[in-house]
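Taking the form predicted on its own, here's one chain by itself in structure tokens.
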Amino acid sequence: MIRGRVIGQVWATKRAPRMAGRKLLLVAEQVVGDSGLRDTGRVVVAVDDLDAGAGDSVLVAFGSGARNAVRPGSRDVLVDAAVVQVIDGSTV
């Protein structure tokens, strides 16, 4: 999993049928540094079922964790990254 900040959205006129109705977000990975959170430069596309928006801090799961977040127990979901939490706050 990574912590990140939503920086945008991806949209398309054509999608795989099982992706219909799913929102895709661009998430910039963040890590904790000496002066707080900083972007790493890595950006991922993640499915969002939680209605996160631009600027929101989120937690993104990958692989089977992402698939289970979108549809528990399914192995036929076309998802490799999913927003699993919108972060309200944290401490170090």
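Being a predicted model, the structure only gives us computed values, none of them experimental. Whichever C-alpha set is largest while still superposing within 1.5 Å between the two forms counts as the rigid core. When you see a residue number, it is the position in the sequence shown, counting from 1.
Separately, the form predicted in complex with a further copy of the same chain exists; it is not shown, and the next lines address it.
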{"item": "In the predicted complex, Gly55 touching a further copy of the same chain (heavy atom, 4.5 Å)", "value": "no"}
{"item": "Those residues of 21 to 44 which, in the predicted complex, come within 4.5 Å of a further copy of the same chain by heavy atom", "value": "Leu24, Leu26, Glu29, Val31, Val32, Gly41, Arg42, Val43, Val44"}
{"item": "Ala16: Cα shift of 2 Å or greater between this form and the one not shown (core-aligned)", "value": "yes"}
